[in-house]
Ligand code: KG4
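Just the one chain here, the form predicted on its own, laid out as structure tokens.
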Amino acid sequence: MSQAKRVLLAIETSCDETAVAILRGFDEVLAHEIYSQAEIHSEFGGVVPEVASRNHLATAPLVLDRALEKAGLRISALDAIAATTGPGLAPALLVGASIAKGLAIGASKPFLAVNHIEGHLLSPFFGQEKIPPHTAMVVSGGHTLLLDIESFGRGRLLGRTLDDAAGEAFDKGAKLLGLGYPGGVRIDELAKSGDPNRYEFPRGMAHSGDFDFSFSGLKTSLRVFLEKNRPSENDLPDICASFQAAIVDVLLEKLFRAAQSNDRQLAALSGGVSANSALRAKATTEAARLGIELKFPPAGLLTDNALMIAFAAAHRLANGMTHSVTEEISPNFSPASLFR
């Protein structure tokens, strides 16, 4: 079998999605299964690691069997097995990584430890055998990163959040507004009928001269605003739109400034927050104005999933990279882990 047509199974359990995907080569999706725990964790107002891991343990075998059945394959037919090993919630990561390692040992298959951020980073280029030079932004509940990418495994970190991630800011803002968890989607929905210019919220570090981010001040500003003004329910769409605009403006100011500073004609936005409609609309308009090509992940690869992990693993395998089953999980993010 040619290297490009190897069949990979990947498991993703870094947070509250239990996901399994099977990919042939770089573009042939044989199975793509996701079980979300969002409804379970909404009762707690956020993800509880122990609850997430218990649910992964209960559902992972079922999701795995469903993926194999959909693909019409047995474990013995796979060429390699991958799992997310970090960053993420340690108890959750352990479940998926342990299952993948056990399968790899039992079937005598190569094991690949995949960085969750790398999965997001590569997702806009799903199906491509070569990753082109570009400016990349990964925006999720736990991370906000800006990177200059030369090719697969080659690049550098330009900036990152110094406190809250963009997705975390959305969720904390939603909690202050009484919108529940996950809050980013609810803010996006309400903001569609709101006026983003009615209220002024701070654009933290928008003009700091570097590519780092800070969103904790925005959350504090919203809390103070709510305490002082006691807005009515009718004001919610305008508040959401104004709050959302503050996040979007900062993200895009830095993304496109980084692209221009590094002479990149291509930019990519990925991670769960890249599903935000205001972010996508404004990014598309601004990219067209600047003459920069803009890429997003395909539908289904915006939030956490195993297909992006399988795609990253395919690139690792094509570059001769495999890992020992003794490879430990890495709950904390390290920029060096993205690059060879």
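Don't overthink the numbering: it's just position in the shown sequence, from 1. Just so it is clear, the structure is predicted and the values come from calculations on it, not from any experiment.
Keep in mind the form predicted in complex with the named molecule is missing from the figure; the text below concerns it.
Based on heavy atom distances of at most 4.5 Å to the named molecule in the predicted complex, which listed stretch, 27-35, 269-277, 62-70, 42-50, is the contact stretch? Looking at the other structure, the answer is 269-277.
Please tell me whether any heavy atom belonging to residue 238 falls inside 4.5 Å of a heavy atom of the named molecule, as the geometry stands in the predicted complex. Result no; residue 238 lies far from the named molecule in the predicted complex.
Test of understanding: in the predicted complex, would residue 168 fall inside 4.5 Å of the named molecule by heavy atoms? Heavy-atom contact with the named molecule at 4.5 Å: present for residue 168.
Using the partner position in the predicted complex, report whether residue 161 sits within 4.5 Å of the named molecule, counting heavy atoms only. Looking in the predicted complex, residue contacts with the named molecule do not include residue 161, since no heavy atom lies within 4.5 Å.
Contact flag, residue 253 vs the named molecule in the predicted complex, heavy atom cut 4.5 Å: Close contact is absent here: in the predicted complex, residue 253 is far from the named molecule, nothing within 4.5 Å, heavy atoms only.
Three-residue site 144, 204 and 210 fully in contact with the named molecule in the predicted complex at 4.5 Å by heavy atom: Spot residues vs the named molecule: no contact at all.
Counting non-hydrogen atoms within 4.5 angstroms of the named molecule in the predicted complex, say which of 194, 124, 86, 183 makes the cut. Checking each option against the named molecule in the predicted complex, the one that comes within 4.5 Å is 183.
Just give me the residues of 299-332, first to last, that have a heavy atom within 4.5 Å of the named molecule in the predicted complex. Sequence-ordered list: 302, 303, 304.
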